[in-house]
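Take a look at this single chain in structure tokens; it is the form predicted on its own.
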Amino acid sequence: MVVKVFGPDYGNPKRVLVCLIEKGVEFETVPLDILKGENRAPEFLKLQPFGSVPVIQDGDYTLFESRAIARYYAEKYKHQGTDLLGKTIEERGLVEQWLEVEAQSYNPPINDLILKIVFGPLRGLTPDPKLIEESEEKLGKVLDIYEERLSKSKYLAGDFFSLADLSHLPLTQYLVGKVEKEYLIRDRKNASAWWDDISSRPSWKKVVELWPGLY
């Protein structure tokens, strides 16, 4: 049974797409136009009661929340494709630690920038420069910690590419693109080298090529 991924043109679903490609799992995508409110349709709300994307259907199994989905497939196909969880329990612990950092510390300020600069104008909203500056400062402080970490290891969880790195791809692509805040990465030597590395992976290049969305 081919996995169905809903909402491929948005950021968070791309976290799932790149994971599936890294694991060599066959899938198909189901477009969803959030700006037109298709995520509030009754049929979709049966799959995702909060009305957000992504959602996957894998046979009779349905799952939502991009990081949960990525963890699920990384575990289900641990011995297929790229090992995204680490080879020891200690490596797995570090992967989970940095996944939490991404979700709790990195994601909030970068998501604020994307919403204000990219999606706000699509809804007729004018970005507030002060709020943008505040989000930039918050993200900069997080990236300072990344810079220190990446001075000690090639990737966040160690010297192996993992879900912790993969999870940063979708929103950082906005940051260096439509958000026009690439300096936040480039001003930090180690973070810049890390971004060049992970964003040049064939899996991510394929995602950006086939589902560019608003990049």
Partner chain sequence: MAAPVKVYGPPLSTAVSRVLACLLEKDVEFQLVPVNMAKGEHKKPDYLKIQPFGQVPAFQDESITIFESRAICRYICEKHADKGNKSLYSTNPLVKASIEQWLEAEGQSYNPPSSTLVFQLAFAPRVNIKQDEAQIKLNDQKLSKVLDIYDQRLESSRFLAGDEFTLADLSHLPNTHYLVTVGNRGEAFSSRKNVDRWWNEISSRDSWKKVVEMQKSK
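Keep in mind it's a predicted model, so treat the numbers as computed, not measured. Positions refer to the first chain, counted from 1.
Omitted from view is the form predicted together with the partner chain, to which the following refers.
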item	value
Non-hydrogen atom within 4.5 Å of the partner chain in the model of the complex for each of Tyr61, Ile89 and Val101	yes
Thr82, heavy atom within 4.5 angstroms of the partner chain in the model of the complex	no
Lys116: touches the partner chain in the model of the complex, heavy atom cutoff 4.5 angstroms	no
Touches the partner chain in the model of the complex: Val142 (any heavy atom, 4.5 Å)	yes
Contact of Glu75 with the partner chain in the model of the complex (heavy atom, 4.5 Å)	yes
Contact stretch among 47-55, 158-166, 31-39, 180-188 - heavy atom within 4.5 Å of the partner chain in the model of the complex	47-55
Within 93-109, the residues that have a heavy atom no more than 4.5 Å from the partner chain in the model of the complex	Gly93, Leu94, Glu96, Gln97, Trp98, Glu100, Val101, Ala103, Gln104, Ser105, Asn107
